[in-house]
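Take a look at this single chain in structure tokens; it is the form predicted alone.
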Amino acid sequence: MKPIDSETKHTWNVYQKDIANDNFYYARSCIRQNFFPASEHMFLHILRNVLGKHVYDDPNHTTCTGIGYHSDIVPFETIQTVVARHFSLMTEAGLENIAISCVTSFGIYTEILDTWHHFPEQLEQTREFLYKATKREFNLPKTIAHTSDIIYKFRHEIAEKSTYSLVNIETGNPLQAVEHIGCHYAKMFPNKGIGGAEFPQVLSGMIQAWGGNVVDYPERRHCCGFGFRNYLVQANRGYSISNTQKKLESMKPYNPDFILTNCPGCAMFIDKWQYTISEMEGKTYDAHGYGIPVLTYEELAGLVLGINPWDLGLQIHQIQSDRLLQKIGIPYDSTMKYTDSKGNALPKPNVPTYILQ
């Protein structure tokens, strides 16, 4: 193996970050709770019950209004005040480490803190706005981390407690995984993400720690196509789906077993645009017509820890993960896939025209 030169070491060191070991204030995502509702629950379960960490899930927390801000609806002064309220809730809880579930919120928090660093008069104005509106005051967080950062930090502890590995039980070979990093995590402020935009390790580090192999492919760093205006404006949705299709076409020759993402929008679009493309063009991106499963990092951590796939919410995805579960050797009861917490049958979703289930 070629030794790592000093310049590469220096570059990698620039992209390290301080991630707290315990005592987190949890900032939920408005869209993750709708797209993949079990993922946030699983983050709390893994941190609290598997790793023994303290995480405060505040019922008074609200949206960061990031989608409105990036759609030019919410002014910057307003979103600064909204985030300041979040910091006041953190302060009142006696905490100083924020764990942020959404990459757009992560980008928003980072942008605002960076603005306050360079323009302290903006911070003082925001303190004034918040106090006039709510009579609240706040401290700045000591650390901010995306929740994928935190799972990455504890990836080896999770591996030690794991029941399964990302290995094909029939061949004994590592599963082939594609990772996709959210733009608002790694591209807006590269030095705030692990590895930055050049050497992102936050997802590939999990895959490797849990036994899988990371597939490099030409469009690995290409945007998923969400882009807010690409999707929120109906006439622009062709731009969104064409971005996702470009990624899928690029990864198809490598036959990945699954796709891992750390952005709620990326996970949703790469999953559901596969269905849309199949309905439009009659094609899928795996070799057998099932599509490529798209997982959140909490879902992947839950699988290796032996958590029931249906408790993880895998049945909510458009592309089903049954074949992936079989490759890993995870037992599951297909009759319980669409049931409620008491085992009562729920309506089954319609079957796609071309994607096999």
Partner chain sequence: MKQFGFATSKSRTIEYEKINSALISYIVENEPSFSSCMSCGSCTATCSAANLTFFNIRRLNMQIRLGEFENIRQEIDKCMLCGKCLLVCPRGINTRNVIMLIKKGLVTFNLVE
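Numbering follows the first chain given and starts at 1. No experiment lies behind these values; they were computed from the predicted model shown.
Beyond the structure shown, there is the form predicted in complex with the partner chain, which is absent from this document and is the topic of what follows.
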| query | finding |
| --- | --- |
| Residue among 163, 276, 143, 139 with a heavy atom within 4.5 Å of the partner chain in the model of the complex | 276 |
| Contact residue in the model of the complex, from 77, 128, 281, 170 (heavy atom within 4.5 Å of the partner chain) | 281 |
| Interface membership of residue 241, the partner chain in the model of the complex, 4.5 Å heavy atom rule | yes |
| The partner chain contact at residue 229 in the model of the complex, heavy atom, 4.5 Å | no |
| 4.5 angstroms heavy atom contact with the partner chain in the model of the complex for residue 353 | yes |
| Residue 201, heavy atom within 4.5 angstroms of the partner chain in the model of the complex | no |
| Stretch in contact, per heavy atom within 4.5 angstroms of the partner chain in the model of the complex, of 202-210, 258-266, 99-107, 233-241 | 233-241 |
| Residues of 102-136 having any heavy atom within 4.5 Å of the partner chain in the model of the complex, listed in sequence order | none |
